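One chain is shown next in structure tokens, namely the form predicted on its own.
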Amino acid sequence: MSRAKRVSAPVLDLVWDDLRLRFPGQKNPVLDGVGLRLEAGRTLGLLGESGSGKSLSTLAALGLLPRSAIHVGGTIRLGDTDLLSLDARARRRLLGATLGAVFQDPSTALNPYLTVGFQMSEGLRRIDGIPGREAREICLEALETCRIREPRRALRSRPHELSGGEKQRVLIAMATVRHPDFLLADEPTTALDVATRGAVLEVLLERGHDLGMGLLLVSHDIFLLGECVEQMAVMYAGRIVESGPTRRLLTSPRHPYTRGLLAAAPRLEGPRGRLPEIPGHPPAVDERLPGCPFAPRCSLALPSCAQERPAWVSLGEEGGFACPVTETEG
């Protein structure tokens, strides 16, 4: 076992609890009471349209929010530790060792001036104190596991010398080389061509499974998440509107927004023709209503939906949702 693997210890869940954020000049929060739980060793998908707050929720856990972001309330906890309260030094020690991240565009996530080997081994050398030669061997092993065909060449290369698929595999290897407890992957296949996406996603899932990590996979593709994750949370306008086991959300979604996403997703089977669409557009920050933000686009909305924030309806082990209209469904 490599020295990158730390002594085993109880792993705690990563919990977003009523997280609220806003930016200067905006009256309404961009994250409005986000509640998520990423369990150790499990997979969670975060689904929603662009602008729903998925990436901000991920960046908040990593301590990578823009400096202008204002923390209104709530916490992101790992056991008794609130990640939002950590100073820069404590956060550096956390990233890579406890939290790893894979971003959607590896070209911007990797430093173009430094070799892959230098970037991958930096945490091993500077934080874990592993000698350079041994750190290099650990990095080679990680690249091989992530199916880089010529790992020694990749270590010597700078990012622009690698293909898009290779760069994303490098990013996965880099994010997991210190064996973190959790891996947060924000649209990790968006920048890749269709032929490469499946292979990279397979590497990501295998790496997470082999290391026993809790994996948060962020996407706007409901069927992609349906193939990859055990639990799913649906986000709209900075709020979680439904969550639960992936199987239930795909077969019996309760929130109208989840149903709209499922109906609008293209599939090979079924009748041909124009796909249904959700009318309208997500609200801008200054357009948000005091009630349900989805009400202006919802065909089931009642007059009260625009004025009263919907309460969370628990379904026990099957998750829950926030919609008074579908609350009475069996």
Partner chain sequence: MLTRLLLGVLTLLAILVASFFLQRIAPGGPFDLERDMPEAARQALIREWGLDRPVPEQLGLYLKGLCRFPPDLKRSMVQPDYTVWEIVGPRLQVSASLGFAALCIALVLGIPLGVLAAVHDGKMADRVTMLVALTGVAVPAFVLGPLLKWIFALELGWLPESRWVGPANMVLPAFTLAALPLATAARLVRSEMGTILRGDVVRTARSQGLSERRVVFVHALPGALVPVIPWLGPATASLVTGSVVVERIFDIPGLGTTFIDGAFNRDYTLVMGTVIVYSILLILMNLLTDGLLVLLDPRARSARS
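Every value quoted in this text rests on a predicted model; they were computed, and no experiment measured them. Numbering follows the first chain given and starts at 1.
This protein has a second form, the form predicted in complex with the partner chain, left out of what is shown; the following refers to that one.
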item	value
The unique member of 185, 240, 110, 213 whose heavy atoms fall within 4.5 Å of the partner chain in the predicted complex	110
Residue (of 197, 147, 248, 92) lying close to the partner chain in the predicted complex, criterion heavy atoms within 4.5 Å	92
In the predicted complex, residue 96 touching the partner chain (heavy atom, 4.5 Å)	yes
Any non-hydrogen atom of residue 300 within 4.5 angstroms of the partner chain in the predicted complex	no
Contact flag, residue 71 vs the partner chain in the predicted complex, heavy atom cut 4.5 Å	no
Residue 236: touches the partner chain in the predicted complex, heavy atom cutoff 4.5 angstroms	no
27, 60 and 220 each touching the partner chain in the predicted complex (heavy atom, 4.5 Å)	no
Stretch in contact, per heavy atom within 4.5 angstroms of the partner chain in the predicted complex, of 223-231, 74-82, 255-263, 97-105	97-105
Contact set, 173-206 vs the partner chain in the predicted complex - heavy atom within 4.5 angstroms	174, 175, 178
